[in-house]
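To begin, one chain is listed below as structure tokens, in the form predicted on its own.
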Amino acid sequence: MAKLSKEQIKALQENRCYADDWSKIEIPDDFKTDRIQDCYFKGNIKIGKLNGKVDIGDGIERACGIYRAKLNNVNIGDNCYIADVKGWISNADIDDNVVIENVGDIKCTGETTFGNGNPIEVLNEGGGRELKITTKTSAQIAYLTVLYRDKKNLVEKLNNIADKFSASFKKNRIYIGKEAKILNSVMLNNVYVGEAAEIKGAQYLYEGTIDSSKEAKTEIGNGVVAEHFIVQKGASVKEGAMIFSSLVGEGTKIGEQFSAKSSVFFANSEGFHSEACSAFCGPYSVSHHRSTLLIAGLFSFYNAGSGTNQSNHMYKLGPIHQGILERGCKTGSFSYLLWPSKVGAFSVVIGKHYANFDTSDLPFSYITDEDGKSIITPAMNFFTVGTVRDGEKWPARDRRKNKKKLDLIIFDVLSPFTGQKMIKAIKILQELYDSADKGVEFVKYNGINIKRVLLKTNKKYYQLILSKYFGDVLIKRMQKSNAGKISEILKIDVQGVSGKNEWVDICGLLCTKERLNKLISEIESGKIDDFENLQQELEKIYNSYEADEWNWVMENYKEYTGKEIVSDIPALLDAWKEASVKLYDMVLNDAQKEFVGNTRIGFGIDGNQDADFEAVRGKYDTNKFVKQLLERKSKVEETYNLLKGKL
């Protein structure tokens, strides 16, 4: 880098450029004065090479350079294009190949950590579950920090890790990463802009980080207002969204005037039109409709119907209540839940519920209201085509492009987590049946009502699902093994933990309590003291899933049936075949409902109802998903015969 010569200063002045002190400007050896016009320089300025041209997306090439801009204490990398800065670019480090056009102020005012370490009141609006958000905060790290508040040492250590990372970000200059674009935006104040990020039409961004990379570009769009925020790689925030003290996770989409305060949205979540307040939205949480409010709740793999709402305020001690919807839940249009409540995994909530209930040990349920009474129908949601489709669409819709993904996700619908709940549910339903007065219509369980006449039927449905799950895991093991002996096929992986373990869902990551407790102990002892090591240990838990699942199935099959798998494989395969065929038939029957009866109302406005319906919706037997289900059903027999033959 060199100082400006007198000739270069004169040339810049002829280009209508001004400087408080020309001696504070540093330039490269091949500096081109014709590429700097109508500029005002203040403080220390470094300018890189100004070669080549850029296209900002409108098909018009622009020569790299600095045009019509005011700069204060700015370092500019090579081959940047900066034009039409109405305010100031101040206290900024701009990397190579950056494009900035038609902006107001881009500045740093004082020392900042760019939103890292900002504590937000997530899950409980009344406080007490504060989370320090950072660019490295994963769903699992947030879950441990927010949900394990009784472990004060753990929370303190996790906060220390967040503080340590945030301190490394602390600067009094902003950074704009390589190949980033900032166009038509009004104000960026104390904002870190990652590599290849695109900011187009933002209204006001204050104290935040937009993490980004070439492989996972992050986008901020028109009219966005964001304060004290973190946006992780590959996410997008557009269309007038308002984000306050919130984290937007990898691959997440926020837009269409969505409003969020003190909330987190982890991998591949979506928020449009609606509102979130102190919402802990784990991976794949979706809210698409106006009048929908997510407040003070834990959600994951969740879909909110239009007008969904919850209450966390009894008008006594403030908004101190909270609720939990375990993974895979849905809420119907204008459903209402009174916090505190807890809903079991993969359940559907329809209607308005004014009772506080806990259905966590009754997964795959329908929860409805009848004359103001909350009613649960256990197990039935497993047989819907929607649940089967959900289990397949989530991994297929992973938008994360970065190689190292923060949120660690086990997508399985059937797992030791739901399996242990179904085993409990079978016992619960049997006990309720045995103790219920035969003359009553409903029995009460944990604040909710169950029809007495359905207790035995729903119990059998859970048994059917378990038979399929045990068989699925055994068959997966047998198909992966080339060994001819059963003893080799069933050999327990020495890396797996005991099958007697309870399982937990750490916001997308399914694991045993033994592994989780070991991780917690290592954090509390200080052995794990930064995000990198913490993520590595979480990845070890993630990679242990298959071995631990096998051990759980081995142990729980024995406890559930009284028989060892090794001596009961033929019977297990028989039960698996029968259960699989029945389940596919039930799901196919549910899918068929989409093609008959009242579903055709609204088609064929002037006649030809069937023809119009089939032109739009197609036929049942040609539907892509139905054909897939029929194919899988046919493979049940094929798989059964093949494995029976091996035995």
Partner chain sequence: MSDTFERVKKVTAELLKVDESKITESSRFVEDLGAESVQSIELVATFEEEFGIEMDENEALAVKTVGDAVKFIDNILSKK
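Just so it is clear, the model here is predicted, and its values are computed rather than measured. Positions refer to the first chain, counted from 1.
Omitted here: the form predicted in complex with the partner chain. The next part is about that form.
Per the 4.5 Å heavy atom criterion, the partner chain in the model of the complex is contacted by stretch 374-382, the sole one of 96-104, 274-282, 374-382, 305-313. Of the residues given (244, 366, 542, 334), 366 alone sits with a heavy atom within 4.5 Å of the partner chain in the model of the complex.
Just one of 453, 187, 355, 547 comes within 4.5 Å of the partner chain in the model of the complex, counting any heavy atom, and that one is 453.
Residue contact check for residue 46: none of its heavy atoms lie within 4.5 Å of the partner chain in the model of the complex. In the model of the complex, none of the heavy atoms of residue 53 sits within 4.5 Å of a heavy atom of the partner chain.
For residue 588, no non-hydrogen atom is located within 4.5 Å of the partner chain in the model of the complex, even though that partner is not displayed. Within 4.5 Å of any heavy atom of the partner chain in the model of the complex lies no heavy atom of residue 214.
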